[in-house]
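Just the one chain here, laid out as structure tokens, in the form predicted on its own.
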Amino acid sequence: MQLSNTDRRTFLKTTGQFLIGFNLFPLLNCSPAEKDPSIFHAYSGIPERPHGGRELIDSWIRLDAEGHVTVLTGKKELGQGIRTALIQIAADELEVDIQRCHIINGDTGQTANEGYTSGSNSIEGSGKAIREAAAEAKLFLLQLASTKLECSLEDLNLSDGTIKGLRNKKTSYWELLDGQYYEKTISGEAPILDHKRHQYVGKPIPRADILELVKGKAHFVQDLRFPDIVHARVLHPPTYGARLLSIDKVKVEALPGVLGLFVDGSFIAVIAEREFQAVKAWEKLKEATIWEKPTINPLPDRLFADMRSKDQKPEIIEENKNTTSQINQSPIRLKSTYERPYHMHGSAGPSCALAKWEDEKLTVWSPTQGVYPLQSTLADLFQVELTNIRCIGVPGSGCYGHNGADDVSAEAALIAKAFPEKTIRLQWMREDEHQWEPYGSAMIMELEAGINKEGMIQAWDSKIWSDSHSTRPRGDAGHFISARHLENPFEFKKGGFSGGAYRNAIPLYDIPVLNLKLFNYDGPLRSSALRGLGAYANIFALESFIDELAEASDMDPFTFRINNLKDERAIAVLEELKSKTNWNAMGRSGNKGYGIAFAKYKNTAAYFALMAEVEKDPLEKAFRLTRMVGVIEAGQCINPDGIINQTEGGMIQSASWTLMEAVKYDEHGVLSKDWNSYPIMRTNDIPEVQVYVINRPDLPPLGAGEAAQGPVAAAIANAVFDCTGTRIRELPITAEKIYW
């Protein structure tokens, strides 16, 4: 697909990202619309300009004199629906028709710096900021209207931006702006609209991007084409630490359409006129290179033993000196160990980015989750000023967590530096994506607890072994994988230990004394942020262990959890799940088994409880996940369809991790190169899925995007135990591990 310059500008505006903050900045020299305000002018977009500061309304919200509202945010749309949700928030707070509203996401040339879109905090953080900014803008405009209409604020009536006063006098946002620029800041004191007056928040407003996808319109960075585009492929080393010994360039350069090779140390790229020509050249490169290949150690059969044998001094996250003695004094004591393998993102579309060097300035179109961190890390890579680099966020097909998005962006920029004045489009091959993305770390969770005869937890001890869950680029070029392969390589300083590894390791349950120790481990495979980080494995272990404690107490798993909780919202979610599943009336015999699990993500975000149903086939020595029912409470629900879709997706993805996925490797490298060697849940494997939302419009919204990951794993493990009598503590949960 080729785009004209006009289409190019339109594409950049409509696929932008969202920023948090705002400022009133109408289009200059525009007169108020004279037509019916319900008939909006065609949206031509706001003028491109850098944001003026996070404290300015204009950095988050802009109104123009033609009747449009633009929301700006530094957060990325990753398929979670935040573009629509943030527009709903802004439209309600400004009290305008939602059709007037547009949004720009993550562009260092326009939006504020909001770091990474991660941790399920977009609505919780950005939504709050945009709401405050819109409230401030509305208050300022109402004050202008009060002066113009010669009446008090209490006498004004607002509807879709039209403001009516006494004696039939009226004005509008657009007339009040009249092409003027007001530099106003956010005080945080403007009154927030009562939720009972919301027109859009809490409603299932359809997502425009879904319609675009269904119609097959250009949407992802993979779809983006410019008239001056050329195509590239990178030949990554065959394994970690491999070094290029020789390359026969002639064989590759002679192929049709090849424009050149770029070789810097062990970084190799081919550039061609057409994409297929680049792919053919990439295949030839494989034959034309000779590498020095180090071996990987430890191998999978020694991985968990190696994690324990290389104990460093632990980080003490929580400590109570009475924990061990309290456990030993408890009438019922239990100790269990759980293990999680390396998991990959397995993005649906291989990572892709476009880059262009022109007049010593770099522009990158990237599916990154953080345009500003990418910008600063590119500045370190090329040793240039930040002002010479612009990063424009474009949706990626399957971009979430720290996958290959930042790496491919840096590689495209490296190639573009060698071939200036052309737009370089680089897309990874499937094996690049599988072998070179950063994985979710393998982990060990060792839990011990004591309970009294009444089933109350008295003490809890946790030990965690884990590699880093965060090696995202944050200004150090060594975090780009190919920056380490250059002739003058950048050093990789891992860092990033701690927080992600023990996320959700501290139980939400009411436990008098507890310990939590973290043993950091430098593993054999590349690792970083995968959806939920350590919360997935920690909740799998914690909620499996809670079921073991409930069984040891001879108590119903719902009753045991509720008795050990004080958080009323947590209890309400569990009781709602118990009601929706008709738990007490379920048959407890035959070939079906049921398991439940619960967590409050990060112990600060959404509450989520789930029941999993599995069915066994003893003759075939197999089982199948047949149903999952979830209940989520995330405070005020902005868009019920959005939260249900996010939760359903998280449930299915987590079920796939739990039942099927594990990165395979040997001493020569990663073996999981495609969908055959790294199987994921297919359509026919997906169980019946139901999600119920508890909406609390009187409470602030909570992050919900990653709430489902951990509880799903534990609920499946608990259901398998209920069905087969086998307690599986090592993921993935497969039929081969069951004692039939």
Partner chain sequence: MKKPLELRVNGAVKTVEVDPEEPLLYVLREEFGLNGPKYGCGLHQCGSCLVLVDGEASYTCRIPCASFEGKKIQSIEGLSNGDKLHVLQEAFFEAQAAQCGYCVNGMMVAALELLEGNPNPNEQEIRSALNRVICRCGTHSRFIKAVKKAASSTSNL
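Small disclaimer: the values here were computed from a predicted structure and weren't measured. Residue numbers count along the first chain shown, from 1.
Just so it is clear, the following notes concern the form predicted together with its partner chain, a form of the same protein that is not shown.
If you check its partner chain in the model of the complex, you find a heavy atom from every one of Gly79, Lys217 and Trp675 within 4.5 Å. The stretch from 184-192, 342-350, 601-609, 442-450 that comes within 4.5 Å of its partner chain in the model of the complex, counting heavy atoms only, is 342-350.
Gly649 is the sole member of Gly265, Gly649, Gly109, Gly475 with a non-hydrogen atom within 4.5 Å of its partner chain in the model of the complex.
Between its partner chain and the residues Asp641, Glu551, Asp97, Glu318, the one pair within 4.5 Å by heavy atoms in the model of the complex involves Asp641.
Within this chain, Phe480 is remote from the site of its partner chain in the model of the complex, having no heavy atom within 4.5 Å. Taking the partner from elsewhere, Arg430 is found to have a heavy atom lying within 4.5 Å of its partner chain in the model of the complex. Residue contact with its partner chain in the model of the complex: Gln653 places a heavy atom within 4.5 Å of it. At least one heavy atom of Glu275 is located within 4.5 Å of its partner chain in the model of the complex. Within 4.5 angstroms of its partner chain in the model of the complex, the stretch 199-238 places a non-hydrogen atom from each of Pro206, Arg207, Ile210, Leu211, Leu213, Val214, Lys215, Gly216, Lys217, Ala218, His219, Phe220, Gln222, Asp223, Arg225, His231, taken in sequence order.
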